[in-house]
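Before any questions on binding or motion, here is one chain by itself as structure tokens, the form predicted on its own.
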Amino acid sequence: MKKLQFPKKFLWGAATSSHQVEGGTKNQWSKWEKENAARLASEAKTKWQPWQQEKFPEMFEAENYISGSACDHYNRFQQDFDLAKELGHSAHRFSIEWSRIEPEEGKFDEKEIEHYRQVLIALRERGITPFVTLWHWTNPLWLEEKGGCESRDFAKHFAKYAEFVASKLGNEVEFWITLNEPTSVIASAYLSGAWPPAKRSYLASWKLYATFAKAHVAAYQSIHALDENAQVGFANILHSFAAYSEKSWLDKIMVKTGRHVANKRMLNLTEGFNDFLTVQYYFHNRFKFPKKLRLADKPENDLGWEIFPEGIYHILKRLKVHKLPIYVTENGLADAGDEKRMDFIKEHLAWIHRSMEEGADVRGYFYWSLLDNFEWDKGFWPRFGLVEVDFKTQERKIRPSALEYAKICKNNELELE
């Protein structure tokens, strides 16, 4: 048995987002869900493979695509944080729902601020360090009516919201994450049209890089004006890329282009305005010109995404040049049977540890997700949680993989055979 020791103050935990777990949200996503649920249920017949359709028949039910009460985490956060503590977590990442804080433009809800204050206090009382995300893809309806993320005033509105939240809750928060995966929104909402507002525009997609960068920088400056010691970054989904053939210059050009568009551009636009970097890793992309290539013999999760732990090592090594602390703020898989999750976690942690031995300043790992939750346009059938949730009864059940991960968290070391 080989033991890999992690640094003494390394943070261990899991992550959630407000719309996916809280329930009862009123934003552009909850509006879009109701308008598109029947269509999404119908399209499942052609979107997913036969084995997935057989395993998850709920994908054909319209109600699967409506978040509704989700995990009712809004009312059950104390119970859920008890589970996190039991599982040895020393940190937890969650998001504040903008539409709750500012339901009307310029009108801030003090009761909702107090709710999130209690969330923060609950974490602190359990010895869990909070990482607070200010925007996890959802906009208040009033902002959506103004153009949402495409609004010329998106950055201004976001910075004002960020400043208000930080002024009220800053005493309880050290780590702020401004935006969650802006490039995911660019790709899925404005290129493929799979997410609201379901547009397909290369021009809008390209402009949004600058919009999101401006919003992050403005929020960064607002938070630091209130607390110069605050740690502020944004959550960046980073992809693993490989050429099918190292002898093919066309394959390698595709890899270089993919890295720039998906991984580098937002970092370049926000250079100098990050106190730490993040890695959210799910996807390995293998290019054989002129498209991505799927290899049938590679392991995959319930969503059909290839499992490639080595990819996170190469991503972390490339981030060394920025000379900033790094937190893995999301890394997980859909695995309803809990058959692959433990190996997934261990193998990714082994590659993370190797990157640290080679100079990557990684300081924490957050598995996605603490709970089974609402997975956006896919609804409830993909199961990412360390904790299984019965969405009808709201019963929580700790999965065996969560107990294995707890051993790593509590011992601060990874045992490998």
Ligand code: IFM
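Numbers for residues come from their place in the sequence shown, where the first is 1. Computed from a prediction, not measured in an experiment: that's the story for all the values here.
Absent from the display: the form predicted in complex with the ligand. The rest refers to it.
Candidate spot W137, W368 and W376, all three touching the ligand in the predicted complex (heavy atom, 4.5 Å): Yes: W137, W368 and W376 each sit within 4.5 Å of the ligand in the predicted complex.
Non-hydrogen atom contact Y282 with the ligand in the predicted complex at 4.5 angstroms: Yes, Y282 sits close enough to the ligand in the predicted complex that at least one of its heavy atoms falls within 4.5 Å.
W29, heavy atom within 4.5 angstroms of the ligand in the predicted complex: Contact with the ligand, no.
Exercise: D335 in contact with the ligand in the predicted complex, heavy atom 4.5 Å: Heavy-atom contact with the ligand at 4.5 Å: absent for D335.
Residue contact check: E102 to the ligand in the predicted complex, 4.5 Å heavy atom: Because no heavy atom of E102 falls inside 4.5 Å of the ligand in the predicted complex, the answer is no.
Interface stretch in the predicted complex with the ligand - options 102 to 110, 126 to 134, 336 to 344, 175 to 183, non-hydrogen atom within 4.5 Å: Of the options given, it is 175 to 183.
Interface residue in the predicted complex among E330, E144, D80, D251, criterion: non-hydrogen atom within 4.5 angstroms of the ligand: Contact with the ligand in the predicted complex is made by E330 alone.
Residue (of F164, W305, F273, Y74) lying close to the ligand in the predicted complex, criterion heavy atoms within 4.5 Å: The residue in contact is W305.
Residues within stretch 382 to 415 having a non-hydrogen atom within 4.5 Å of the ligand in the predicted complex: Sequence-ordered list has one entry, F384.
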